[in-house]
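Here's a solo chain for you in C-alpha cells, the form predicted on its own.
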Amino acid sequence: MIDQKASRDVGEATHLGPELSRRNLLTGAAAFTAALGLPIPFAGDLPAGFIPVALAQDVGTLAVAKPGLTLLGDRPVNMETPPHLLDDALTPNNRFFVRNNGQPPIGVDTSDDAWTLRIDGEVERALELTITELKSRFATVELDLVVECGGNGRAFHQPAASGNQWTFGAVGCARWTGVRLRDVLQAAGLRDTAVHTGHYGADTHLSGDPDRDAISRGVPIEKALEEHSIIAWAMNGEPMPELNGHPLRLIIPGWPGSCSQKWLNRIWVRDQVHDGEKMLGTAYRMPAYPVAPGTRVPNEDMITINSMPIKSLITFPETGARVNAGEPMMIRGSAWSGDVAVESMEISIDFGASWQAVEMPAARNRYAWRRWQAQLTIPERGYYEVWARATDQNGTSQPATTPGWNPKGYLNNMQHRVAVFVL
C-alpha cells in the first residue's frame, strides 16, 4: 500500500534530504515497487542512492496569515509556498512567501503622506520623501519581478546547514508598482565617491533593542542603477501585505531577496561596501573556493552572493497525481534566473536518462519568471517522476542533486521533481 503521508504531499519534491536519515527506507527497485504498489518502468535508469520522491515527503501546513503556506518559524515569521500553489503567471499576494529577520513595525503610520524615505550619504543633496512625493515626482513603473530567498533549497544540504529549512517554495513572481531606484538616487545627485548602497527598514530586532538592526544589506551602485531595481509600494495592483514589506520596499531582482529591504525608510549611499547587519561573516556569503561538506570556512574566505542561479519548478501536477495510462497529462511550471537570462527548459520522465524540450513563451520583462508547459501521454502503467531542468544563456543547467555545499546552504538550484502514478 502507498504511504498515506506520500499521498498527501503538497508538492515538496525532494532528493536525498536530511529527513531521510530518520527513515528506515528500503533500497532497490524491487523494494520501491513493493512500497509504491506500482511497477517502475524506467527502473534501469534509477541513479545510485535514489529515493523515490513519493516516499520522501514530510510536509505540514498551518493556516496562518497566508493559508496553505508552510510555517517555518513564527519569531520571526517565515513561510514558504508549496510548489503547486505557485501555478500562476503572477504569485497571488496571499501565496507569496515570507522571509523576515525581525519584527514588522507596529503602531506606525503607514499612510502615503506619513511614511518617509531618506536618501543620504554620498549624494549632493539629502532627500526625505513621502510615498506621495515618490508617486508625484518620479515616473511610475510596473514590472513582473521574481524575488527569491538566497537560502531556498537549504533543507537538502548534507550535512545540514543552519537557518530556515526552505525546500522549494521561498520564491514568487509578482507585478510590482513603484519608481526606479536610479531615478531617486539621481535626484539626490550621486557623487563620484558613491560605490555601494546601504538599506534600512523600520522592522525591529528580535531582541527589542532599538539600536540594533534586524537586517541592513546593500548592493553595488551599478546594480542599484539598473532599470529593473525599484522602490515599490504595490504588489499585483494592491497594497503589499504587511509581511511582505507594506508600505514601501526595495525590489532588487535577480539577487538574493535579502537585498530587497522591506519597510524601507532609508538608503545610505556609501563610499565603501556596506557593512550593515547580514553583510559580514557567513550571512548571504559563500566560500570563495569549493569546500568539502562540513568544512569550517574562515570569514575572510567568504564572498557576498550577488546573482542567483538558474532554477525551475513544476507547479502542476503536484506529487501524488494519478492519471490513466494512455491519457494526456498536462505539465506546467516556471523557470527563472539571476542576471543571466533563462534560455531553455526540459523535462524527463526516465530519471534523467533522456530529456525533451518544452514550450516556454517569453516573459513580460527581464527578471520575470518564464512559464512553461508540456503535454505528456504515458502509455504504460507504473510509477513515474517528472524532472525539470532549466538552462541559462551561458549554457549552465540545473544539477540533478544539491550543488556546492556551503556553511549556510545557499544557492541550491537542484532539479525539482514530482511523482506521478499512472494507473
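Note that residue numbering follows the sequence shown and begins at 1. All of these numbers come straight from a predicted model, not from anything done at the bench.
One more form of this protein should be noted, the form predicted together with a small molecule, which is absent from this view; the next part is about it.
Checking G218, G102, G254, P247 against the small molecule in the predicted bound form, a heavy atom within 4.5 Å turns up for just one residue: G102.
For the candidate set T315, Q165, S260, S229, a heavy atom within 4.5 Å of the small molecule in the predicted bound form is found for exactly one residue, namely S260. The chain is drawn here without the small molecule; in the predicted bound form, the stretch among 267-275, 196-204, 126-134, 292-300 whose residues come within 4.5 Å of it by any heavy atom is 196-204. The small molecule in the predicted bound form comes within 4.5 Å of a heavy atom belonging to C149. Among heavy atoms of V98, some come within 4.5 Å of the small molecule in the predicted bound form. None of the heavy atoms of L145 is located within 4.5 Å of the small molecule in the predicted bound form. Although the partner is absent from this view, L243 contacts the small molecule in the predicted bound form, with a non-hydrogen atom inside 4.5 angstroms.
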